[in-house]
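Take a look at this single chain, the form predicted alone, given in structure tokens.
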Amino acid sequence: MPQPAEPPGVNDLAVVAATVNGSGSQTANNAIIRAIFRMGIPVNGKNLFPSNIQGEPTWFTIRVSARGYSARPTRVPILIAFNPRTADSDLAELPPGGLCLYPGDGPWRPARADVVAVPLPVKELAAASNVEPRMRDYVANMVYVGALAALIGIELGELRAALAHHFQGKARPVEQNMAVVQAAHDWFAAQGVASPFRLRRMDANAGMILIDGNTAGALGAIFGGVSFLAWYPITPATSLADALASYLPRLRRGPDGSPTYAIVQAEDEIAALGMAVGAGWAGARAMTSTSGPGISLMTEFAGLAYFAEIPCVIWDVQRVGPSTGLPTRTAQGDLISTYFLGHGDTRHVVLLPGSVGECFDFGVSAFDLAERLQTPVFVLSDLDLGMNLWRSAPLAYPAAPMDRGKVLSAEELERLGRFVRFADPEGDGIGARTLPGNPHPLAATLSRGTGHNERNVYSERPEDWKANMDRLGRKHETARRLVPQPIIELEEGARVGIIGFGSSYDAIREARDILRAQGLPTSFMRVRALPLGEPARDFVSRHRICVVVELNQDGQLRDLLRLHCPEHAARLLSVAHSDGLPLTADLVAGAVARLL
């Protein structure tokens, strides 16, 4: 990223908007993000919202960084305090010298002399903008949009364009909201509030797009050939299914206009995966999306699909835990449970996207891997990556044709003269399969999760079970070579390596710059899939100490690395942290420094 030549505070700032769920604040915050993006300045937003009823607190953090940093900031010097229930605690987080914008006609007043507090006449500005009375509560948040625009220099033309994007060009809502923005901007500009924070146009976003990971993953699934989706609503995965339901009708219709896909909202997560497994057995590219609580309910069908060797794709947009409230916030705690999900000796293929671009790419390649390996493939994203807007290069159209794996046609069966479902002549652990509808008499087979021999005939013979498990082990070794390999950045002279996965990359990247400035160079490996392979073992062996950074409580990736290369277990240290919030660079850099 370009290094800023501007003084501190120019294109380097953070804002938190503390509002009320269901009040229209999402429209206001996304308009700010998109307007700043359109000014060519790197920007990222992180939404912290409740998974419960309307009226509960929600926080939205916006970070502007000319260097392109997108991790959650440690210190946020601008507070928009539009929720009186949380205003006191929100104000307590504001650093000295910070700026606080709040409704002057509301019940709350800030009680700190070391910050600049500006009361906004919210009701007056909303009423004076000729917005119809029933809409005033929803456009009230546009008052802080206009005030913030005047404070830091967001261009009004770009705000109008952002609102036009949000409302899909509908003139009336755009004009109603812009009227409030303009009125608040003009009022605030007349107050003469000084601010050390300003925006100045850049050209860092040329050719870039703004997109969230769930939408990118859904588009990847579409370009990967998905034809069946079964799902059950759960935060934070619902918007992935919603995106599929939005884009599939536009992108996947036959010559006669009829849909070439099916979407089923199941009665629960168990049924959702059961349907996906059935569709995958029938030859469809089938998937479901869920989060950790749903993954646990899918255990039995996941184990069945593993032992019956049926391809399907399961997206797990990770969260902290079960129930509502804080457990619905972001985490990376499903790694071990998903890798071993099932009963008995089960090990799954797990993809770990670290960007919205990889959400798209892995949305495509998950189907190829599932069909090549004839097994369920899990894609583990998280709330931060899945539900927030990120800068990204345009999503790349798949370069290679779909890989359906070892599927025998009627002509091939006729030529071979025999069909042994789980024979392994190539030594990769993968047998050839047939699909229902193949007219050849040899094509029929009965898939089962119970004990069977290589002809897929029921068996309780111990030697048949052992032979089957040995072959599944060879398949897992094949998967080590086929899954996306780690991204490795070797730093000359570095004796310390940092390892991470998924959305933790953003905090690690910034933390490495902090540590480098303190005289501690580090190498980095971003794990992108399980099972781990030789590149991971080689990276660990190269460094005296490797610190594994992850957003969970127990250091799950560190434990998997110790299982993978036990001879280097003592080199692997852990920075594991989980509180429902994305990692910060200061937290990572400080924890690494203390460990060393």
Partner chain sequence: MTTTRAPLNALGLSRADYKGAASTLCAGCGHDSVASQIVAAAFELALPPHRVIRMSGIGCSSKSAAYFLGRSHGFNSLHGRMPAVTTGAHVANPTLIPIAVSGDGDTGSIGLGGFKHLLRRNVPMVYIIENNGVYGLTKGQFSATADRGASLKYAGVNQLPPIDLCAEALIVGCGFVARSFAGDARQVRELIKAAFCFHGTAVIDVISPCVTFNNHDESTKSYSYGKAHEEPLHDLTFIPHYEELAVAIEPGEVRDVRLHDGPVIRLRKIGADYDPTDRMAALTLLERARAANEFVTGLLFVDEHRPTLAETLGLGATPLAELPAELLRPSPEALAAVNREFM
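The structure presented is a predicted model; accordingly, all values stated were derived computationally and were not measured. Numbering follows the first chain given and starts at 1.
Not pictured, yet referred to below: the form predicted in complex with the partner chain.
Colleague: Taking the partner chain in the model of the complex, would 279, 443 and 449 all count as contacting it (heavy atom within 4.5 Å)?
Modeller: All of them do, each having a heavy atom within 4.5 Å of the partner.
Colleague: So if I measure heavy atom distances to the partner chain in the model of the complex, which of the stretches 267-275, 190-198, 350-358, 152-160 falls within 4.5 Å?
Modeller: So the stretch in question is 267-275.
Colleague: Decide whether residue 501 counts as a contact residue for the partner chain in the model of the complex under a heavy atom distance cut-off of 4.5 Å.
Modeller: No, residue 501 stays farther than 4.5 Å from the partner chain in the model of the complex.
Colleague: May I ask you to state whether residue 300 is within 4.5 Å of the partner chain in the model of the complex, using heavy atom distances?
Modeller: Residue 300 belongs to the contact set for the partner chain.
Colleague: Decide whether residue 425 counts as a contact residue for the partner chain in the model of the complex under a heavy atom distance cut-off of 4.5 Å.
Modeller: Result no; residue 425 lies far from the partner chain in the model of the complex.
Colleague: With the partner left out here, check for me: in the model of the complex, does some heavy atom of residue 227 sit within 4.5 Å of the partner chain?
Modeller: The answer is yes: residue 227 has a heavy atom within 4.5 Å of the partner chain.
Colleague: Tell me, out of 400, 469, 128, 517, which residue has a non-hydrogen atom within 4.5 angstroms of the partner chain in the model of the complex.
Modeller: Result of the distance check: 400.
Colleague: Which residue, 112, 123, 252, 480, is the contact with the partner chain in the model of the complex, using a 4.5 Å heavy atom cutoff?
Modeller: Flagged contact: 252.
Colleague: Pull the contact list for 201-215: residues with a heavy atom within 4.5 Å of the partner chain in the model of the complex, in sequence order.
Modeller: 207, 208, 209, 210, 211, 215, in sequence order.
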